[in-house]
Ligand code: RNT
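The chain below stands alone and is given in structure tokens; this is the form predicted on its own.
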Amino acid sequence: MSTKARYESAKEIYKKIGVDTDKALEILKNIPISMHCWQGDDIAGFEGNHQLTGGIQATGNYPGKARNSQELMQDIDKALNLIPGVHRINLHANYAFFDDGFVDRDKLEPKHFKKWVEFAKERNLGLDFNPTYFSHPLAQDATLSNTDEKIRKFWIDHGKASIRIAEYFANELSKPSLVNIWIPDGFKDIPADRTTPRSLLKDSLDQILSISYDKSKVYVAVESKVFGIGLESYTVGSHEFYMNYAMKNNILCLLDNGHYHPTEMVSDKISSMLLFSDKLALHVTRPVRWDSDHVVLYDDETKEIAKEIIRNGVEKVLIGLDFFDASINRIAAWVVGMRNMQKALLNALLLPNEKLKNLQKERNLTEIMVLQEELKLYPIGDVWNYFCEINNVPEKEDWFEIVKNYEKDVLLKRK
């Protein structure tokens, strides 16, 4: 049976429970996911500094890592050609181009990212941006909470530069750009003073946000973390700090589902956050016992996150991925993660959400459980394969053969 025929059969099955599969695919096609550039080169960037700091580790030594901008862009292209839909690229500041000579992060300008804008324009991509507050000599002790005013000013200026760069992206591409601020500041053991570092961080953020920028084009977000390597006892930028700061200053709070205690579920936080904020940003990843940034799977929490995105309004949530695995083929990691996020969104779109909501309202909890369990075996795979077909990308696992050939012809020739 052809892919189209299987889809038509699935369409009728879903129609019986009030789900329009054509409408679901049209919505899915227009949900952009921000694909993180740093999976392609293990967060090395273009500065020539290959030592990771700030509690960040990319473990493994799989052959074929991108060694320069040309190879990274080539690999991003290969991945995007295997992922349905039109998406975004998420950049870190350490991926700047220095054609006119190196400048430090506090002096970065839009011109240092012109080639990324050209790359995005040719492919109809949006661009998001992250100031890079790690892997730098001045990040050794602290960044935006540093008690050394000269060092703190350096990182404040880096934050301001990042907003200007994102506004350049938005103007050039006619698509809003997200600027996400995450810092690795904290202490390995129990601190004597929890307040002063957070007071300094608050002042630093206030100074960064004091610059003039178009808030309809640039969304600034802050990202918390419960702990990091070497920062096990105290993180300056905690969830409570950033949630309150974002609310007070009308910016976005970004939730990374690897940045909480292992038993905390980001899916459960989304509805609460959106009751008090117009928008929310996400980094979807997969923690294994801790914030280990494994490749996103089509697992329970990813599906629950997607359900909350769809049920609360997909236009309210900015979706990005964040993982870096150097132990497997890096392009396959991108494709698996991106396609799994899309599969989770499709699963959410194929649920009879209004019916389930009404059943809950009527306290018909037995039927909710029955229906939710039966839906797990509905033919979502046939709908997904048709979505791939109409978007001209390989179905099922067929894409992996292309990646294996690319590895043989391109990646294994890199030394």
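Numbers for residues come from their place in the sequence shown, where the first is 1. Every value quoted in this text rests on a predicted model; they were computed, and no experiment measured them.
One more form of this protein exists, namely the form predicted together with this ligand; it is left out here, but the text below deals with it.
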Heavy atom contact within 4.5 Å of this ligand in the predicted bound form, the stretch among 113-121, 253-261, 212-220, 236-244
253-261
Heavy atom within 4.5 Å of this ligand in the predicted bound form - the one residue of Asp291, Asp185, Asp75, Asp128 that qualifies
Asp291
Quick one: from Arg152, His136, His92, Arg198, grab the residue that has a heavy atom within 4.5 Å of this ligand in the predicted bound form.
His92
Check whether Trp334 has any heavy atom within 4.5 Å of a heavy atom of this ligand in the predicted bound form, and answer yes or no.
no
Proximity of Phe169 to this ligand in the predicted bound form, heavy atoms at 4.5 Å:
no
Using heavy atoms and a 4.5 Å limit, would one call Asp325 a contact residue for this ligand in the predicted bound form?
no
Just to confirm, Ile43 within 4.5 Å of this ligand in the predicted bound form by heavy atoms?
yes
